[in-house]
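First, one chain by itself in structure tokens, the form predicted on its own.
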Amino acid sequence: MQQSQKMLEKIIAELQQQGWSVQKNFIPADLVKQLNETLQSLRQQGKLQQAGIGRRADYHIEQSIRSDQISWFEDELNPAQRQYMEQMEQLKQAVNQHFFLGLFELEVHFALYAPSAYYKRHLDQHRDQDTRQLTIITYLNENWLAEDGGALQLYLPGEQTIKVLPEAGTFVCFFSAEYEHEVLPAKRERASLTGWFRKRPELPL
């Protein structure tokens, strides 16, 4: 059995048991390198923008809550982005087969945190819409050390927490409606891919 298939099965088992999963080295090192190069190219082209909060009419910039810069995946994807999306498609199919969530698309963006940048505790599912079902995060940071900070802090039931270092190739996923989380400040620049598998919005009766 291929290593990727084993990891997919482990993700599904952990989502079933606890609602979240953390897998180191889920993304191959060569793909991490290519995605990092893509992010740097986007930065040089001026295609990173200040991230905001909320959606539609409520969307606004609030740097007291989050201070990262982002660039959404658009229609024109390069080979590295396509390879990443193909790997996520395998995950989507596995999740749908097991949980019957009806996931139909992935919205995803690069996120770049300058030193000391952060994203305070929040829930990914919007108050007025439940289309975001599964949050996914992929880290792109080579040679990351614990003393660099920048961990993802995930809040579990009973106010227990876990911290995940943003090490290159590490993959995190959790049910969007169930887990508040935050990005702690780092001492160095911190890069990731963040996305959400979405279901179709329910039609009004």
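Quick caveat: nothing in here was measured; it's all calculated off a predicted structure. When you see a residue number, it is the position in the sequence shown, counting from 1.
Another form, the form predicted in complex with a small molecule, is not on view; read the next lines as being about it.
- Contact annotation for the candidate site: Thr38, Lys47 and Leu140 all lie away from the small molecule in the predicted complex (no heavy atom within 4.5 Å).
- Within 4.5 Å of some heavy atom of the small molecule in the predicted complex lies at least one heavy atom of Asp124.
- Mapping the unseen interface onto this chain, Cys173 falls outside it, with no heavy atom inside 4.5 Å of the small molecule in the predicted complex.
- Although the partner is absent here, Leu152 lies within 4.5 Å of the small molecule in the predicted complex, judged by heavy atoms.
- The small molecule in the predicted complex comes within 4.5 Å of no heavy atom belonging to Tyr84.
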